[in-house]
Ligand code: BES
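Next comes just one chain, in structure tokens: the form predicted alone.
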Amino acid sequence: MDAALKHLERNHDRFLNLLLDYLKIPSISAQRKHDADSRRAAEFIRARLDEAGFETGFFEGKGLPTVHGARLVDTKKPTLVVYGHYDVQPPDPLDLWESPPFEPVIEDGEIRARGCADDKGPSLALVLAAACWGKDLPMNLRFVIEGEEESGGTVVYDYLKVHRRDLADAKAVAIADAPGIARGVPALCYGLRGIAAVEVTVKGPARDLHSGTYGGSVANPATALARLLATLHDAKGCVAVQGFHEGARPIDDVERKRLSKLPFDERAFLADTGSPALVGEEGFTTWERRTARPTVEINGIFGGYEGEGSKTIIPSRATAKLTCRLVPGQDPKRVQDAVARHLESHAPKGVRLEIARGHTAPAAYMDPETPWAKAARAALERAYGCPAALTREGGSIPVVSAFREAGLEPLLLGTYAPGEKAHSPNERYHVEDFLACIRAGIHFFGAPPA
């Protein structure tokens, strides 16, 4: 252990420069024009695994490759899978970035670049943690690093099916793609919300119409869409879709007590959002609303004229993209059906609807007291020098359910500070969190459960 930690100390600057080089690659999986860049990112992370002594390869499919690597030091020792992703969210809107998203800078101890926290920094950190052990790695490791997490691709799922036998020797999968609870306070996340995406398009006239000539005589799709979306919630902030909450497991008293003790600063949370006030479903705390209650959110609304100045039209159509975040017990497909029925039954007169169902994933809830979970938590505590919180996270990591189906226990390591602006302009990642994540990996790989 000491030798591995000293290796980190000696290579601090080199490891940081590797991360900066990695962040310069615009591996935006949602945009086909960046496919070559995404492959460069895949080659970059594969090269790091090669340097760490892993047997590596690309798993190709209908999309971007999944990078895999294995170091099997002793069949009698436990095996851990480590998952991450090399793709990043689109950086738009570009005009809100304080520095170019793929030209990383370090200011006040923070790296600022797209993908630094989600998930290039943490996933690279665990690769480097394995490298720090050199030939003395105390457990068997398999890395699975995909390139389509941010765009809902299927290649990694095909990999898990094809290589299920190869993964049979593993009991758990470590995923460093979650936030800690506060600056310098890590977390073991034992719950994720699921997701169900829906897109609704409201169609009216066959073409855009002159708003003076036709206004007041035909339905305006933009107005109809606004009215339709307003029916999704009641006055108390609760989702008003019939059947939406079917099967949803409530938060029990034990968990409510645990969550209430987390060091959550509501004022700091509000300040980070830039919103004027916190709102949400009545009867629940802010933490419960954002991690353990189901929601429907409007991700985007578009239709009609969006350019500079005015254009006096009645648009022929208007569209909204929705995502529902789900809790354990909810079936994503049934939720999509319930939302579709609600939209159809509340459609205003004079318009037609087109509803498309998007990607889905169930919620995940893991036992935080298993031997692997305790080992992961202990590693975080040693790396950060403080207790690791037990938390639930409001986001979704769809591949978690696939790993569970493959018989692996997910271990969600929260290693970066909340409020790192993942998916937003000016994403940031503290250098100290990068180094702490490497230390956590060193401790975890060095002390597997008996």
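Every value quoted in this text rests on a predicted model; they were computed, and no experiment measured them. Note that residue numbering follows the sequence shown and begins at 1.
In what follows, reference is made to the form predicted together with this ligand, a form of this protein that is not presented.
With the partner omitted from this view, the residue of K171, H359, H233, R289 that lies near this ligand in the model of the complex is H359 [heavy atom within 4.5 Å]. Checked against this ligand in the model of the complex, the candidates P332, G303, P179, P294 yield a single residue with a heavy atom inside 4.5 Å, and that residue is P179. Remark: of stretches 122-130, 159-167, 281-289, 190-198, the one touching this ligand in the model of the complex is 190-198 (heavy atom within 4.5 Å). At a distance threshold of 4.5 angstroms between non-hydrogen atoms, P26 is out of contact with this ligand in the model of the complex. Proximity of H85 to this ligand in the model of the complex falls within the 4.5 Å heavy atom cutoff.
Proximity of E150 to this ligand in the model of the complex falls within the 4.5 Å heavy atom cutoff. When contacts are judged by a 4.5 Å heavy atom cut-off, S401 does not count as touching this ligand in the model of the complex.
Residues are counted as partner-facing when one of their heavy atoms sits within 4.5 Å of this ligand in the model of the complex; in 35-66 not one qualifies.
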